[in-house]
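The form predicted alone is given below as one chain in structure tokens.
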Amino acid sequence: MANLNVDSAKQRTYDAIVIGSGMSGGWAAKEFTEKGLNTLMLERGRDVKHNINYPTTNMYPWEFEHRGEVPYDIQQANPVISRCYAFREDAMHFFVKDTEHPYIQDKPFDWIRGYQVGGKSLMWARQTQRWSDYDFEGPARDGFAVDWPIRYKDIAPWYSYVEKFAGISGNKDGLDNLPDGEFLPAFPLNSVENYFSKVVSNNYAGRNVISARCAHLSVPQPIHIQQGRVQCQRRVLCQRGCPFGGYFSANSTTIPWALKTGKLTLRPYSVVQEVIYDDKKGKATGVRIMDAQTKQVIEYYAKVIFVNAAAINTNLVLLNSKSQRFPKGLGNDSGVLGKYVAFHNYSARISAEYDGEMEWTTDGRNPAGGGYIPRFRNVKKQETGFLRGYAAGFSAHRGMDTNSSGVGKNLKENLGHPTLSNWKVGSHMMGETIPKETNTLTLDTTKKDDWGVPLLKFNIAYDDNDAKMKQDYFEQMTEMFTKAGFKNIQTNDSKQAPGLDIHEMGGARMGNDAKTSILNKWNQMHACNNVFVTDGACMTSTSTQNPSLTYMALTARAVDYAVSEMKKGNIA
């Protein structure tokens, strides 16, 4: 019996374990397997195979029972996920319903999740921007949060590395606050977007409207053909899963690449309860899971463990990974685990109309979504009454106006001859929030979920800085819209709870000092050197850029370091 137990443990032992199969987890698996490590990838949800498990990807609008709308009874039963813009009939099978994994809201928070192989990389907005030193230096300059332990030069080559593999479209804009990358040709601005870009650059120093940078293959390169991906077809049905692999996802790109090495074992339906820490050995030895289908508890072992469960769930796993050495959560000597959680503020929008450029309209679709306005407030120095700043989207389009007046023949005639409308323009704010000690994730002491894990309690909120920033966005965008000659300008404060940005960050932040952070400059735990965190939980601050590209680069960099340390015997 003893020999059987030994053999069973050997069969459950790998070189590396990756918790999570999404944006960063997929990269960790790719990098480990390419370097020859036998790797186990644990995913709590079902398997979704590229171009096999995309049930709605080629459906026509009339083939949907509810014409794309989520049925009313489902909306009523799931108020949180129903507030997410992408939760539609064609993609609702990729989202976690409210009752499937409950949580406790001490303060309102809309937690948007995708529990399947590929995670939210199937449904993300695909916007990709690099950070600059202005972003990494923000906390040190204004004294909020802690200093980042890295700067742009540390991550720049890794940005290039992941951009070439993933495929990023964009222009070389030459902006020091938004560094250029390894770009495929950009999806161009339309005539009104280009007009507004010229108005802004001609009237405001340091403000720019550029073509949005996105993870779509405008012109595939040989590496993308090797991946089995082809040119983006501009269908803009991305949330369904793309049969062409036109945009980057873990399903279409990193996971198949890792599987081809023969070194990856992918185990879906594996809910991680905790990372196992051995007090005698002084290191993490593995992971304990519950099989979501059988409810069997199983342990897997490895020399190195990457926690990439997505920011909130990564905090949950680490907080629940308790031992004699770490009674308050794995690696939590500093006491900051689950604290200083931040997000992006997406609650402000502005719209208007434009009666110029009437000789033009648009044809086709732009998967990049239009234009992007990089942050221009408090970039190089503090210049406003609020900290940090915001970026913004900008887009323009023309629709059709239909005259529904009249009766009989006149009504038919009117309906049969729609006319082009004025241009409709719009923008949304992407504001940086400040990590605060009061923004916390904690474990409930009495309630557990169906997999034996304590329910997570959210105590996360906006503050006065967010309100001041939002007001500035409204004022500045109104001024710029007015200068461009836009009319009928309307601002909209959605007053939405945090979470709908789906950019949760922090809780297990990086830092130079083990007394005030969980991770070092390599995304490695200060207090447990064979555990790494490279998803949103690692972020020291949020800046304003869409964060996924940074997660990818940090992950590739951390795996490279971890494997190097394993070869030196520093991780064993």
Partner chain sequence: MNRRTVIKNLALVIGGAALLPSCLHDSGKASIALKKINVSADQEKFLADVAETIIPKTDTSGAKDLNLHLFVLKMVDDCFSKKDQTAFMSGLDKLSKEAENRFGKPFGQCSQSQRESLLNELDHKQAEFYKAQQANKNAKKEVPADDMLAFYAITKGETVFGYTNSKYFMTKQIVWELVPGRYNAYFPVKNLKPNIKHG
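Positions refer to the first chain, counted from 1. In this text, the rigid core denotes the largest set of C-alpha atoms whose superposition between the two forms falls within 1.5 Å. Quick caveat, the model's predicted, so the values are computed rather than measured.
Omitted from view is the form predicted in complex with its partner chain, to which the following refers.
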Three-residue site 77, 228 and 273 fully in contact with its partner chain in the predicted complex at 4.5 Å by heavy atom = no
key: Location of its partner chain contact in the predicted complex, chosen stretch of 95-103, 415-423, 383-391, 292-300 [non-hydrogen atom, 4.5 Å]   = 415-423
request  = Could you work out which of 269, 183, 360, 204 is the residue within 4.5 angstroms of its partner chain in the predicted complex, going by heavy atoms?
outcome  = 360
inquiry  = Exactly one residue in 235, 260, 83, 141 has a non-hydrogen atom within 4.5 Å of its partner chain in the predicted complex; which is it?
reply    = 235
inquiry  = in the predicted complex, does residue 189 come within 4.5 Å of its partner chain, counting heavy atoms only?
reply    = yes
task = Would you please decide whether residue 406 lies within 4.5 angstroms of its partner chain in the predicted complex, comparing each non-hydrogen atom pair?
result = yes
query = Even though its partner chain is not shown here, does residue 164 get within 4.5 Å of it in the predicted complex, heavy atoms only?
reply = no
ask   = Is there a non-hydrogen atom of residue 464 within 4.5 angstroms of a non-hydrogen atom of its partner chain in the predicted complex?
value = no
inquiry  = Do any residues of 477-495 have a non-hydrogen atom within 4.5 angstroms of its partner chain in the predicted complex? If so, which ones, in sequence order?
reply    = 491
message = After superposing the rigid core, is the C-alpha displacement of residue 403 2 Å or more between this form and the one not shown?
response = yes
